[in-house]
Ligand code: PXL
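Given as structure tokens, the chain that follows is alone and in the form predicted alone.
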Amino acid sequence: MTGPKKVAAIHDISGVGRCSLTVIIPVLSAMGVQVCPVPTAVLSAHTGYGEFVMRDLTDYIPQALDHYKRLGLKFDCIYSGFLASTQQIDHCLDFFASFPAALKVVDPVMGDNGKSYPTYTSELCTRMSELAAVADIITPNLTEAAILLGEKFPEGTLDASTMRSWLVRLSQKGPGIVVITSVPMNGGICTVGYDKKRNSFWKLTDEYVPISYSGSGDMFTSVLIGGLLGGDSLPIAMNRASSFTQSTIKTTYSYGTHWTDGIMFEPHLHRLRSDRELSDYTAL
């Protein structure tokens, strides 16, 4: 018998508004995974509120890494998300290099709805590409995939051929698995994935919900990681992450919750311990 899988999560933590570590910790914990948070910043509320108090923790990250190395700790996964500076990207690269056996997951949080976030300069986007290149898995949304590829954000629905091309091109930059979320295709909003080792393409289709909540990307990637660490194949892990995120979004929407408050996932956490077979995915 071995203990729970252990994930070092390099993300910010916001007191109000479900996102980043306040989503990652309960979700992965519910899936039997130990989360070791490496906070990049502490915020009173996430940046979507417009006004917030923040304490930058850039200097803390290398100190935490040095301590973990002295302790001889081993991590099964290193998982990075929103980063506020090129210096934080350097620290993430150091984490990856220090634990070469760990699964390296980069959620390249840079923008949404066709626009990069105000804090993401061209230099920071370029450095994020550098971080994604050393990852085993990246999980961009469509906006972030376009940024990483240097493509103009596409308008309208996309076809399977285009998305297969994008997935392969992103994989050619380094990661063995690429998953792109929030892709408009015929039938709904899709999640598409590519496994370079098996040269396999996958697609999941969700119903459209006319609102976007903070933390939904953090939730998707966290469930995906929990599934993969638990032995899921890529399409089953994608299915698990997509279906859980979709059901919690629908719950939140039914209550008329403001988008800044994030997704009402708490009543659904027990579902993450289910080991039921998932087969809603199709080949892309």
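One rule holds for the numbers: they count along the sequence shown, beginning at 1. A quick note: this is a predicted structure, and the numbers were derived from the prediction, not measured.
The same protein has a further form, the form predicted together with the ligand, not shown here; the description that follows concerns it.
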Proximity to the ligand in the model of the complex (heavy atom, within 4.5 Å), stretch among 65 to 73, 212 to 220, 245 to 253, 230 to 238: 212 to 220
Scan 96, 201, 153, 117 and let me know which has any heavy atom within 4.5 Å of the ligand in the model of the complex. 117
Contact between residue 263 and the ligand in the model of the complex at 4.5 Å, heavy atoms? no
Does the ligand come within 4.5 Å of any heavy atom of residue 194 in the model of the complex? no
Report whether the minimum heavy atom distance between residue 82 and the ligand in the model of the complex is within 4.5 Å. yes
Can you check whether residue 35 is within 4.5 Å of the ligand in the model of the complex, heavy atom basis? no
When the ligand is considered in the model of the complex, the residues of 23 to 56 having a heavy atom within 4.5 Å of it are 43, 46, 47, 48
